[in-house]
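First, one chain by itself: the form predicted alone, in structure tokens.
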């Protein structure tokens, strides 16, 4: 009997020790969840975001991490599909027990994943997806470090009204929240400036043949075609427009103009326009310049584009909030709430500029500039800020017919 009692006491002691030790083991690292389409047609852009995050991770971990612990990023692949995104975020929040969920690309996915995070009481800081819906629903646990689509298009809309003044326009948009939200904003601007909408065409993510739609656009001869698309689709559209000898002023968003986009299109992308936060165009800012130089040192030969800077800033904001919230206690709900409150008070100067959130969790201090793809003397394509005058590095160039272009 004594032996049995002794065994019971030993077992009880071991259980108590295990209860004390396991939380400590579980907190050996500070765990942050990162969502993104790391496979599929948007994998390159998500990879650019990830590289920016890896730079931020290196910088913090090289200084000892947070609270003497290294930062651990746990990645969830959304494949740019809402159902896959929900499965990934559920795992991060309820099984991996991350403190915060960052990253995020593709608005349709992030509308769903951010809602889940809010109701689970887990802070979600969206890096790239730009649909206003994400931060317009009054969700206390949802933030975004990227401008939303109205903010992204504010500069280009002013340029349309004051400089281009198109009379006939058309829409060729990704069939997603990302594309349709942008269309609503541009439609309102077109109505405001008196531009006639000739057509509204759509395509699915992953599409490769756009010739029928481009032929239809060519017949209608619009002054401007608004085209929200991700890198691969945008590049194919430009190449197929050349094949069909269609000339217009293409206007998209800055995320199209990645390193991969220029590699796929070369001089074919000449004259395309968008709104961009391209960090290499803001090298007068010492903080942005420091990011660009550090990125190029870590990834030699890589272009530090908008997605890399958005990924970098996103993780820096998250880690700053975690640090200000104090060392995690092991009470996950309480720790997440403290981090959420910390995020609301964010005020940081990073590669995109000042990061500060309004009452909805939307960054309200970052505004992109209108850019146009122009070619250098060696026919190399790159974006140049063309508006407003005080920030412009080049003048706007009207698209020429294909047979009159210097670089073929």
Partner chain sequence: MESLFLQQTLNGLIIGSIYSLIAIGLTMIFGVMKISNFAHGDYSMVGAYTAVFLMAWVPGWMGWVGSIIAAAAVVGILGIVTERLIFRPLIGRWTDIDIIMVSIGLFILLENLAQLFFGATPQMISDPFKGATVHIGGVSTSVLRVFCFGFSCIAIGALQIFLNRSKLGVAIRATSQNRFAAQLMGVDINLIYTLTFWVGAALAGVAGVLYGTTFAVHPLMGAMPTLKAFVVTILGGMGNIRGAIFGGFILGIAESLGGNYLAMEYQHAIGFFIIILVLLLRPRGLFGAKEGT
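All values reported here derive from a predicted model rather than from experimental measurement. Numbering follows the first chain given and starts at 1. Under this definition, the rigid core comprises the largest set of C-alpha atoms superposing within 1.5 Å between the forms.
We do not show the form predicted together with its partner chain, though everything after this point is about it.
With the cut-off set at 4.5 Å between non-hydrogen atoms, does residue 41 touch its partner chain in the predicted bound form?
Flag for residue 41 set to yes.
At 4.5 Å between heavy atoms, is residue 293 in contact with its partner chain in the predicted bound form?
Outside the cut-off, so no.
If you check in the predicted bound form, is residue 202 within 4.5 Å of its partner chain, heavy atoms only?
Residue 202: contacts its partner chain in the predicted bound form.
Any non-hydrogen atom of residue 287 within 4.5 angstroms of its partner chain in the predicted bound form:
Close contact is absent here: in the predicted bound form, residue 287 is far from its partner chain, nothing within 4.5 Å, heavy atoms only.
Tell me, please, which stretch of 325-333, 158-166, 303-311, 237-245 lies within 4.5 angstroms of its partner chain in the predicted bound form when heavy atoms are compared?
One stretch meets the cut-off, namely 237-245.
Full three-residue contact with its partner chain in the predicted bound form, heavy atom 4.5 Å, for 175, 215 and 218
Per the other structure, all of 175, 215 and 218 touch its partner chain.
Of the residues 193, 71, 198, 260, which one places a heavy atom within 4.5 Å of its partner chain in the predicted bound form?
Looking at 193, 71, 198, 260 one by one, just 260 meets the 4.5 Å heavy-atom criterion.
Within 190-209, the residues that have a heavy atom no more than 4.5 Å from its partner chain in the predicted bound form
Heavy-atom contacts to its partner chain in the predicted bound form: 201, 202, 204, 206, 207, 208, 209.
Threshold 2 Å Cα movement between the shown form and the other one at residue 266, rigid core reference:
Yes, shifts by 2 Å or more.
After the core is overlaid between the shown form and the other one, has the C-alpha of residue 230 moved by 2 angstroms or more?
Residue 230: C-alpha displaced by 2 Å or more between the shown form and the other one.
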